[in-house]
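Take a look at this single chain in structure tokens; it is the form predicted on its own.
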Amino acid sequence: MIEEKIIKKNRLNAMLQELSKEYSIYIPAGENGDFRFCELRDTNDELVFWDYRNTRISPKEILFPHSEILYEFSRDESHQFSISQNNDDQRKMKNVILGIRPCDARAIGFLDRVFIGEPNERFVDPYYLKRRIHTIIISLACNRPQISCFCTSLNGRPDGEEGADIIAFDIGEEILLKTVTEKGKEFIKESSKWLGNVKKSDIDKKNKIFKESAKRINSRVSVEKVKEKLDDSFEADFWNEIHRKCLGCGICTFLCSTCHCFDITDETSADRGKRIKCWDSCMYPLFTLHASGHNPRPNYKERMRQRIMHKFNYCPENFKELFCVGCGRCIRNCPVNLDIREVINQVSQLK
């Protein structure tokens, strides 16, 4: 059964102060004129993120870090090797991500399919799984979507619930909390002393705000049959055009909330070393470089094609989802103004 509760904004700090004894709490915090998800350290500080638009870097980095040590190894004087696993000792076991936007919460649901999969899947990332099962996601519905947002073209909404355990609605001086999962219900139960009952006027205010919010998303793309169009377009002429402005900087993939490519490298010295997992990008020339020296994607054209095919053809084939949530980060931050909406619309017009 869905539960809805209310909390006044001026009581939230006290609630988080109590929760921080048990949880690592991540919120969008101001950083160099922008916002980024950071662990809440001082719960006496006033929370000021309720009206933020979105972070530049996706909060996926909490569950899927830029880089992490998988294990370290060393050799003693008798040349015997020993291995120590990464136990994440610096973090509390349980996490709360508070204030993630619905598009990013939905994206985490996509990453779950990649790194965890169905219960009987053979390949599970234990590092991601450990963080994921101990993390509660409280998304924050969008009162003011940005001009580059196009989530509604991809089955999303400014108040979408997918991927969240609880969704929060800013309705002025109060926050309305609505449970989505059993994990969310349990969290609400644990925090009940800080929460009040929702009135009909609160529901009406919330519904009015988000009816207007949905109307503000004017950007539209046509994704109908995009996968089918790409099935027959691997050698289409338009690949020769769309990559021409690309610098290969990779910012579109590093900021994307659904991109999940990574590399694994070893850093070693004479008698010790560590194995490191770090983000990678299909837009980089070394991404598919073979040990033989052959590179099947030597140019911008092949790498741009891989990025588009992965999101709109390969992932729909493997996961039954377009791996784009319409957050608009790649549009806002591309240094040469490549717009994925224009690319999708060009694909939709292919014969």
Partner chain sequence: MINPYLPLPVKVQKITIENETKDLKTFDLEFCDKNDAEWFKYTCGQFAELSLLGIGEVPIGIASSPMDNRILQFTVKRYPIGVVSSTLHNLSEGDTIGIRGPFGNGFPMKDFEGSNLAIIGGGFALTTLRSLTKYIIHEKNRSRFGEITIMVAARDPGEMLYKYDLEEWSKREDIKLIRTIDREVDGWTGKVGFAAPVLKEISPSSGNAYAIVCGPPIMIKTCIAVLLELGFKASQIFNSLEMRMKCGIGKCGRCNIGSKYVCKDGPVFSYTQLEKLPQEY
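Values in this document were obtained by computation on a predicted structure and should not be read as measured data. Positions refer to the first chain, counted from 1.
Separately, the form predicted in complex with its partner chain exists; it is not shown, and the next lines address it.
- Although the partner is absent from the chain shown here, 73, 275 and 288 each have a heavy atom within 4.5 Å of its partner chain in the predicted complex.
- Only one of 110, 115, 169, 187 comes within 4.5 Å of its partner chain in the predicted complex through a heavy atom, and that residue is 115.
- Contact annotation: of the candidates 302, 39, 61, 321, the single residue with a non-hydrogen atom within 4.5 angstroms of its partner chain in the predicted complex is 302.
- Screening 190-198, 267-275, 154-162, 216-224 for residues having heavy atoms within 4.5 Å of its partner chain in the predicted complex returns a single hit, 267-275.
- The closest non-hydrogen atom of residue 49 lies beyond 4.5 Å of its partner chain in the predicted complex.
- Its partner chain is not shown here, but in the predicted complex it comes within 4.5 Å of a heavy atom of residue 125.
- Contact annotation: residue 239 falls outside 4.5 Å of its partner chain in the predicted complex, judged by heavy atom distances.
- Contact annotation: residue 260 falls within 4.5 Å of its partner chain in the predicted complex, judged by heavy atom distances.
- For the stretch 287-324, the set of residues having any non-hydrogen atom within 4.5 angstroms of its partner chain in the predicted complex comprises 287, 288, 289, 290, 291, 292, 293, 294, 296, 297, 302, 305, 306, 310, 314, 317, 318, in sequence order.
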